[in-house]
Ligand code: NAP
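As structure tokens, one chain now follows by itself in the form predicted on its own.
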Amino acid sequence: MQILLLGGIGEAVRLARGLTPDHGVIYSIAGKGRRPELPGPVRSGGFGGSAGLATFLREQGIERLIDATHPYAAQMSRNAVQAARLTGVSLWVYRRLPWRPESGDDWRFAADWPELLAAVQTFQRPLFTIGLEPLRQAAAIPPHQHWLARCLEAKAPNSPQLTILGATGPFTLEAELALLRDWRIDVLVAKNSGGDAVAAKLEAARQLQIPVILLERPALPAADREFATVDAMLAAFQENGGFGEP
């Protein structure tokens, strides 16, 4: 079976390795972050929207499309659904479970960026771990705040109230505790990504009794089959040679 796997998270690499060599897998990433070492081909860059993705599926003879992108890569997930409809290719998606608060957690939820900014107003030293959006909003930082933004390497805007940490996970609990203490962070701002790679920051905030503001996940369209674990998807591929449908 020819498979196109839309990746971008650690579990996607594990999935690609689990499918190879039993299936012909093309692994696709957006071009950001590390390029994984895989036995099969790795493609970097966009497709040109849903129409471009549909063309790629036809040209490569793809029989199964797997969406294992980040839970917040909503546009790519929408493109995958549309491309699958245009081509008749079956679409399976891996959507890891979101994080859930534990006893003693002080978690607040924001539906979008304006709501998130309103929630962070009462704090002085937030740590943002939600990508590049804080950099775009540097001019709007209130006088009483200093933002620490951890993201991929990016050009820093000219603002004495913003510090950028160019880093990617996974991060240890010890490192996260030190980061929160050293920078005197009083609120953690994150996406509800789920998974283990960057979950240590939540445990660090829990131990230090620091509030957490979580940006809620975007609504994503339905696929032919959805899986919450890599093992469940790999098991489904073993049934009927991977062609089994619900």
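Residue numbers here begin at 1 and follow the sequence given. Not measured: the values here are computed from a predicted model.
In what follows, reference is made to the form predicted together with the named molecule, a form of this protein that is not presented.
Here the chain stands alone, but in the predicted bound form its contact with the named molecule, taken as any heavy atom within 4.5 Å, falls in 71-79 among 160-168, 99-107, 71-79, 85-93. Contact check for L208: no non-hydrogen atom falls within 4.5 Å of the named molecule in the predicted bound form. Within 4.5 Å of any heavy atom of the named molecule in the predicted bound form lies no heavy atom of I3. In the predicted bound form, the named molecule sits within 4.5 Å of a heavy atom belonging to R43.
When the named molecule is considered in the predicted bound form, F47 lines it closely, a heavy atom lying within 4.5 Å. This chain lacks the partner; the member of L180, L214, L202, I29 within 4.5 angstroms of the named molecule in the predicted bound form by a non-hydrogen atom is I29.
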